[in-house]
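This document opens with one chain alone, in structure tokens, the form predicted alone.
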Amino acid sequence: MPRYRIQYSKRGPASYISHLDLVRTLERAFRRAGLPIAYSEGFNPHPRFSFAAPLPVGVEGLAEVLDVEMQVSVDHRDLAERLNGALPPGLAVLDVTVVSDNTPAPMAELNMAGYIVHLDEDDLPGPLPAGAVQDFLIEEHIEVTRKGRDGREKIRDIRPGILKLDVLSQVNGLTMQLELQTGSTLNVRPEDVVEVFFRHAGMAVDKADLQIIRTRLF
């Protein structure tokens, strides 16, 4: 079956759509656009979508990736135009390319993601200490506690997955740029990195105050 790789953005109100609702929204958009998506077989067929990495609710994405299989070939430019005409506000197709059947799924190819994280001035506990970033990045081990699927808390060392951390601006708050390992081997969350970074600097922030944008998937 013909397969297409779609790069799309998920911004504004659309960032609060859960991944399950996103799948439903995209399926309806393909139908409204008259695009013949392929479905799995079985009692409960579902559209043959393959996402790179689901976005957490409330996180915007500037260049998300989705593979979709179609029943028949469609011009990739026509696919983008028709789908954009059927998508709700906040979702937009940026690019469409044809990929071969033997191309790995987006999740299998994914190994890194870029983020911009902003904290408003009112949400900051104070100015960052001098050298806070350098002092944080020279640490050999940076540990966070997460709950596993069994409900038990586990300590994980995320330092190998912190590939880049920079302060971009301290005007009207704090804006940071991060590049983090993402995928099945090690999946590092930006909110965990920012929280432990501030804790390392002797400060505390509320994860709920973080404004997170995923800028790119590598």
Partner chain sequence: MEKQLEKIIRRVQKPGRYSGGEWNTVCKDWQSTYIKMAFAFPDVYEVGMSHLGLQILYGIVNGREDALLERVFAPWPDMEQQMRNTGLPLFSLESRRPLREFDIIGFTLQYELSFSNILNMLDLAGIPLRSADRAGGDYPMIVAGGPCAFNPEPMAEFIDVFAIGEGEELLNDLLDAYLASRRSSEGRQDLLIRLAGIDGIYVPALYRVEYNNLGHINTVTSVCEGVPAQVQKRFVADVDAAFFPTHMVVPAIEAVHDRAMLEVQRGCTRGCRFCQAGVIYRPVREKEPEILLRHADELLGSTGWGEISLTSLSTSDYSRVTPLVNELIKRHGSAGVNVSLPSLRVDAFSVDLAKEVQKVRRSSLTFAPEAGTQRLRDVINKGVTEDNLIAAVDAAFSAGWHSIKLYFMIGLPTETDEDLHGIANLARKVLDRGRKLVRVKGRLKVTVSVSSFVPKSHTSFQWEPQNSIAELKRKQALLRELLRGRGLVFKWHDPEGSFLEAVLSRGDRRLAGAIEAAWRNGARFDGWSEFFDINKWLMAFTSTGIDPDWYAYHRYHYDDALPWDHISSGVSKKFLMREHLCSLEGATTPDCRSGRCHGCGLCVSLEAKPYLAGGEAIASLSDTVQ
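A quick note: this is a predicted structure, and the numbers were derived from the prediction, not measured. Numbering follows the first chain given and starts at 1.
Just so you know, the form predicted in complex with the partner chain exists too; it's not on screen, but the next bit is about it.
Residue contact with the partner chain in the model of the complex: Gln211 places a heavy atom within 4.5 Å of it. Looking at Pro13, you'd find a heavy atom of it within 4.5 angstroms of the partner chain in the model of the complex. For the chain shown alone, Thr25 is a contact residue for the partner chain in the model of the complex, at least one non-hydrogen atom being within 4.5 angstroms. Of the heavy atoms in Leu87, some are within 4.5 Å of the partner chain in the model of the complex. With the partner omitted from this view, the residue of Arg31, Lys164, Lys154, His46 that lies near the partner chain in the model of the complex is Arg31 [heavy atom within 4.5 Å]. Residues with any non-hydrogen atom within 4.5 angstroms of the partner chain in the model of the complex fall in just one of 97 to 105, 73 to 81, 117 to 125, 135 to 143: 117 to 125. Although the partner chain is omitted here, in the model of the complex none of Leu35, Glu69 and Glu109 has a heavy atom within 4.5 Å of it. Taking a 4.5 Å heavy atom cutoff to the partner chain in the model of the complex, none of the residues in 130 to 162 make contact.
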